[in-house]
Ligand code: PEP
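First, one chain by itself: the form predicted on its own, in structure tokens.
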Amino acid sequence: MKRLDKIYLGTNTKMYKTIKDTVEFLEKLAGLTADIDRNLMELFVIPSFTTLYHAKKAAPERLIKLGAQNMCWEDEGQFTGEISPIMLKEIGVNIIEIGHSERRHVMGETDEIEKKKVSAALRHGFIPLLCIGETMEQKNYGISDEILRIQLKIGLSEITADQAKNVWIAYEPVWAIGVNGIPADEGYANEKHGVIKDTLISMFGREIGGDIPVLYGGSVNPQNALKLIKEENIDGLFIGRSAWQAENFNGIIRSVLPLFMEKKKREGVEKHG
């Protein structure tokens, strides 16, 4: 089964939710979505570091994949305040979120740093979820496409085509993230996803590069989720605060899943027609 035959839906809870909050959220989300065939959907949650041990016990991996919001590129050493791949492997997380807008633009991480983290994540058997996106200033200069290509080409420069089979990408325009974010309209998001997919294909070939999931994130809500998921190049949604209540997340999942399946069916007909 090709990876893009399923929808990718997840959330990063940022620096919100205590251990108790996270456990309750995961248990409820797992229960609400347990009837959905996971061959059709990859569901994941990326909570804060302090919750991960308890979060791992709260929901079966077959229902919800668990991720970490960041990771050091070194296995051990004098890196006060960092979390190593070995520590995260011990907990049993599946995904490492790398290069989120806040890590890049608040904490000052560079493309070179993200490159090292992607390599480390793959070396330890994690799925790296590499987040990329342009600022409003870059958008206004008309260099969004170049920025996306640079972030991809540097961030994935050390990996082989075979390793790329385990990579996910999240397109998160910086200006669309957070409380004051301006959601990108579905046409713009689809266009940028096309740029990302073309770049991945140029790097890893059509068979592998064309099968890397590209998710949209940035002020996704129950309304624009319906429009976004219908677009040709959007393989899933990386949702913020609209998914932080299990009932709300379940609602979004159940509204977009049939639209995604319909899109896949239509693509299949066009391909073989």
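Note that this is a predicted model, so its numbers are computed, not measured. Quick note: we count residues from 1 along the sequence shown, nothing fancier.
Here the subject shifts to the form predicted in complex with the named molecule, a form of this protein not shown in this document.
S.K.: Between the options 122, 176, 196, 71, which residue brings a heavy atom to within 4.5 Å of the named molecule in the predicted bound form?
M.R.: That would be 176.
S.K.: Check residue 22 for me: does it contact the named molecule in the predicted bound form (non-hydrogen atoms, 4.5 angstroms)?
M.R.: No.
S.K.: Is residue 240 one of the residues lying within 4.5 Å of the named molecule in the predicted bound form, judged by heavy atom distances?
M.R.: Residue 240: yes, in contact with the named molecule in the predicted bound form.
S.K.: Contact between residue 14 and the named molecule in the predicted bound form at 4.5 Å, heavy atoms?
M.R.: Residue 14: contacts the named molecule in the predicted bound form.
S.K.: Please tell me whether any heavy atom belonging to residue 67 falls inside 4.5 Å of a heavy atom of the named molecule, as the geometry stands in the predicted bound form.
M.R.: Residue 67: no, not in contact with the named molecule in the predicted bound form.
S.K.: Looking at 58-66, 232-240, 35-43, 22-30, which stretch has residues with any non-hydrogen atom within 4.5 Å of the named molecule in the predicted bound form?
M.R.: Selected stretch: 232-240.
S.K.: Could you pull out the residues of 193-218 that have any heavy atom within 4.5 Å of the named molecule in the predicted bound form?
M.R.: Read in sequence order, the residues that approach the named molecule (within 4.5 Å, in the predicted bound form) are 217, 218.
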